[in-house]
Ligand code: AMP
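So this first bit is one chain, no partners, the form predicted alone, shown in structure tokens.
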């Protein structure tokens, strides 16, 4: 089985049902609705054009598009053509674009008129001499030109095998140049089938999806599961809290997937309403891509009566852990492994640690990618074998398993661990404590060089009002061991984030 086979199962359940209902929060694009049948028909037309333009099996087709139906059509068309889809973060500019395009060497770059000024900044070398650029806003012209006078049999492509590559997804690159994770059809199928079961997806589900399709959360968790189940996606170009509340309280969706920054904004809006909205028709609120602060988790439940489900995934692995759909959801944890996923926590020497102890999380399973694109050294550094010959992926995430519940808690990234005077400091623990102080909305703790201790924790704080530093320091003394207390407090207007809301700590000022 490949992804197209899986999507066909969902499509054939109700071909005339709405697959994509689209609205542009900015008003630049017209609303659209596509049934499963029309989505499939358009994807086949585009695939025929791709092949007639010279796309061959295994070629890369890059998408540099906002959330819109044409993104879905182009992606399915790439699969129909036997190609590998490369989603590109819409916020990337010349440096990031030239790196990804030079590395992936796509045969086609599918984009839109709104992105032409960005692409115009690329040189021929940046773009690559073999890359053809297509705008979805001029689709009629290039479809007609590609298909003119060409026999239909010239578009036939052998179906992809499960072990062949479906996606080349680039990591967020928070510590250096992004790497391309090679994901097979089988890798993605493992995540999708696991989530369909774990989250009890239903044919009549409606997913409100503001998350970008260039990211695994929006693409694999959201779109793939909906297409596989034959559920409807209400696709948005971004997030608008008022529209979201109106849709969710009006019975317009049964599922809502978002990142912590979105839930923070929802809590702020809901807290100011005189009457709490009725979210009774929404059966699942899901959060991921970054840690969800416990206070946001608990406040959302107080305001709505709904408890958010937290999960844990990566570009390289799809989804790995999840709090239960039916069962106790514990704030600050990511739950237990999804079906077919295996995790272990190890020390610096690679020895497995018992529950309750902190170490690096390793993963294996059908969902785990095989290699980084054209990076054998990075691939070799990212995997280890155990005594039985099993291959484990080194996630770089620090974690601990609760000995009582078996739930996993993530403690931060390995490269973010602060070692001060030989003692480990996990930034997330300090950050969560700081945000319990009145007026502090967000906190990011990083290690900075210290002549005495080697490293010292420094806190960057975003505040909603003036904060008494002396009172905050007294609070820290009452809440934290002395070695964990921030040596310096820096107040900033905002923290640097990537498109999915993850704080980019490497961009915070160092040492000053």
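For clarity, every value in this text was computed on a predicted model and none was experimentally measured. Numbering follows the first chain given and starts at 1.
A second form of this protein, the form predicted together with this ligand, is not displayed here; the remarks below concern that form.
Look at the stretches 101 to 109, 376 to 384, 76 to 84, 417 to 425 and give the one with heavy atoms within 4.5 Å of this ligand in the predicted complex. It is 417 to 425 that comes within 4.5 Å of the partner.
Name the single residue among 199, 312, 71, 256 that comes within 4.5 Å of this ligand in the predicted complex, judging by heavy atoms. Spelling it out, the residue with a heavy atom inside the cut-off is 312.
Looking at 337, 291, 365, 128 here, can you tell me which has any non-hydrogen atom within 4.5 angstroms of this ligand in the predicted complex? Filtering the options by heavy-atom distance leaves 291.
Residue contact check: residue 410 to this ligand in the predicted complex, 4.5 Å heavy atom: Result yes; residue 410 sits at the interface with this ligand in the predicted complex.
Decide whether residue 397 counts as a contact residue for this ligand in the predicted complex under a heavy atom distance cut-off of 4.5 Å. Contact with this ligand, yes.
Quick one: does residue 171 come within 4.5 Å of this ligand in the predicted complex, counting heavy atoms only? Yes, residue 171 lies within 4.5 Å of this ligand in the predicted complex.
Have a look at residue 328 and residue 426: in the predicted complex, are their Cα atoms closer together or farther apart than in this form, given the change is 3 Å or more? Relative to the shown form, the pair is farther apart.
Closer or farther in the predicted complex, the Cα atoms of residue 420 and residue 357, when the shift from this form is 3 Å or more: Distance between the C-alphas of residue 420 and residue 357: longer in the predicted complex, by 3 Å or more.
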